[in-house]
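Below you will find one chain, with nothing else, as structure tokens; this is the form predicted alone, and questions on how it binds or moves follow later.
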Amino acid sequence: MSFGKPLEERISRAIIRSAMSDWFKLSSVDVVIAGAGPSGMAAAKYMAEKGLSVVVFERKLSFGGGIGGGGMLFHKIVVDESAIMILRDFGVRFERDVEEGLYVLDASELMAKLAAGAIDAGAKIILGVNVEDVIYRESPLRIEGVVVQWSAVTISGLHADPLFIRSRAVVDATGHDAEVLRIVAKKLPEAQLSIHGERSAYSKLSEKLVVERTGRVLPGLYVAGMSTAALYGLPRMGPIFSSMLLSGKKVAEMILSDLH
């Protein structure tokens, strides 16, 4: 028992001991998801509750991706009928706008309950960590993990060597910039990967195509959410999040099938 030690020392020791235990386990996981937005957190829940070890790395000190801003800072977002079952899976409350035929919900509630759902299912969400590279193998080309760094180190411009996280699958759910895919396109030319960038707004078409094109990019590498639009040159959809949630569920189902 060390309760006689000063409280300040006990605080630090408790945090460091627990954090290092987590990071030791995270050095090798089933799935790494880059980005704690709607598709990333939805995917995390559906995989973790099926027994896969899942970690979500988010470069910011918050989760939710584009949800928090609602529609032009109004605190509401919408989904259509296709995403209602996912909202129910996460316990998110919603109401139907009869005139517009859409379902309206609070942005903050969706953010909080997506995160809670993923965490309660057993996934880890680690904030302030940037995925700056991937681990690959040849013959055939495949992705076997990620290279991570504290976001604060990246922002400060300091040089500090990163650490490696091995995984059986990597999901780019970083959103509009498709950050992981851009790394692969730049540094692994043999992947023959081109990032077309998202197109202007066409909500109905984007909602359809983002879900359809979600999936495997290379062995071990998957795309979900707005990273899908950036990869394939699909339109943007604005503050309707049906396809983001459906994309996360779809990529989870694909990975579960591939890994089992």
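We number the residues from 1 along the sequence you see. Since the structure is predicted, the reported quantities are computational estimates derived from the model, not experimental observations.
Omitted here: the form predicted in complex with a small molecule. The next part is about that form.
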One residue of V129, V79, L181, I143 in contact with the small molecule, assessed in the predicted bound form (non-hydrogen atom, 4.5 angstroms) = V129
Of R96, H176, H75, R137, which one comes within 4.5 Å of the small molecule in the predicted bound form, counting heavy atoms only?
-> H176
With the small molecule left out here, work out from 60-68, 212-220, 23-31, 46-54 which stretch has heavy atoms within 4.5 Å of it in the predicted bound form.
-> 60-68
Do A230 and the small molecule come within 4.5 Å of each other in the predicted bound form, heavy atoms counted?
-> no
4.5 Å heavy atom contact, V251 and the small molecule in the predicted bound form = no
M226, heavy atom within 4.5 angstroms of the small molecule in the predicted bound form | yes
Answer yes if any heavy atom of L234 is within 4.5 Å of a heavy atom of the small molecule in the predicted bound form; otherwise answer no.
-> no
